[in-house]
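Here's a solo chain for you in structure tokens, the form predicted on its own.
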Amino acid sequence: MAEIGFLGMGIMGKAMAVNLLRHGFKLTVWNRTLSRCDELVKHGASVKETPAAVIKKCKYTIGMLSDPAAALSVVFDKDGVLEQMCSGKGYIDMSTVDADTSSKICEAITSKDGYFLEAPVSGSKKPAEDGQLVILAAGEKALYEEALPAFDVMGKKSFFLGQIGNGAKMKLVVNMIMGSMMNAFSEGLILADKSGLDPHTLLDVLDLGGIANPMFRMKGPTMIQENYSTAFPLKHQQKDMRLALALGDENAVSMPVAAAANEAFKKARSMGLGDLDFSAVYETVKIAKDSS
């Protein structure tokens, strides 16, 4: 691929961009707070002061923004992506947004004769650093195929899911399951402790059974230590639960487990835990235990 633009240097965007630079890709980057790009410059990236300037310079640009509002703002605001979008340029939005947001961005990009791919990722900070994300792409197939060299560096597996919206929907389903599991896991850790069992032994037992998984293995020990170093912010997990529940409303799917999980994440946010890792939802169960 030619030089790639990259918009958004949050936890995920920065890790993904550094990974691309380490693999020899040339990047021009932008972030709303420009100082967040300083580390990328040390790795050889160029910096531009607006998204429009990045689009003008690069044939392909990736966006990795925090939520639907940020994803729309980067495209539609003054000095945004649309101002320099034109024929032959591609925009790849790797943010986690709802299907409607993806569709709005797609329509705007294609109206300027550009081409668009949504490609949200499954994975958090460590997989982003290690190039082990799962990429859930949908939209312009030709752009997907042209982006594969970059996707192969950022991810361990890429899926092309067809029409715009399918990537966004798949990501929301995955994160809805993950958030629901995290709540059940938190309750299990507290129940073991309250019942006089060693939570570390519970982790060993879980790891040997049919529900063994990397999330329990990685998060369990740090949760027991009350260490919630942010790999995936809790406020973003709650945003994804909200969007997944809205998708359930659209399709008349009853989701009582996800709804309860969403309430727990909302409670955690009200406790000031939004910027911590999503595993900090454990604190909502722990407080109930401590007060009993």
Ligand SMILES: NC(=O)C1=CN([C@@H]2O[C@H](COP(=O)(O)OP(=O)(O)OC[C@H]3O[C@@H](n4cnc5c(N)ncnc54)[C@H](OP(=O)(O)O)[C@@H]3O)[C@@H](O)[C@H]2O)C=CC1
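From 1 onward, residues are counted along the sequence shown. All of these numbers come straight from a predicted model, not from anything done at the bench.
There is another form of the same protein, the form predicted together with this ligand; it is not shown, and what comes next is about it.
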Review point. Just one of 52, 245, 224, 231 has a heavy atom within 4.5 angstroms of this ligand in the predicted bound form, so which one?
Key: 231
Exercise for review: Name the single residue among 179, 155, 114, 123 that comes within 4.5 Å of this ligand in the predicted bound form, judging by heavy atoms.
Suggested key: 123
Review point. Should the three residues 12, 30 and 240 be counted as contacting this ligand in the predicted bound form, with contact defined as a heavy atom within 4.5 Å for each?
Key: yes
Exercise for review: Within 4.5 Å of this ligand in the predicted bound form, counting heavy atoms only, one of 91-99, 205-213, 142-150, 189-197 shows up; tell me which.
Suggested key: 91-99
Check your understanding: Applying a 4.5 Å heavy atom distance criterion, does residue 73 contact this ligand in the predicted bound form?
Key -> yes
Review point. Could you tell me if residue 65 has a non-hydrogen atom within 4.5 Å of this ligand in the predicted bound form?
Key: yes
Check your understanding: Heavy atoms within 4.5 Å of this ligand in the predicted bound form: does residue 171 have any?
Key -> yes
Review point. Is residue 36 close enough to this ligand in the predicted bound form to count, meaning some heavy atom within 4.5 Å?
Key: yes
**Study point:** Residues of 269-287 having any heavy atom within 4.5 Å of this ligand in the predicted bound form, listed in sequence order
**Key:** none
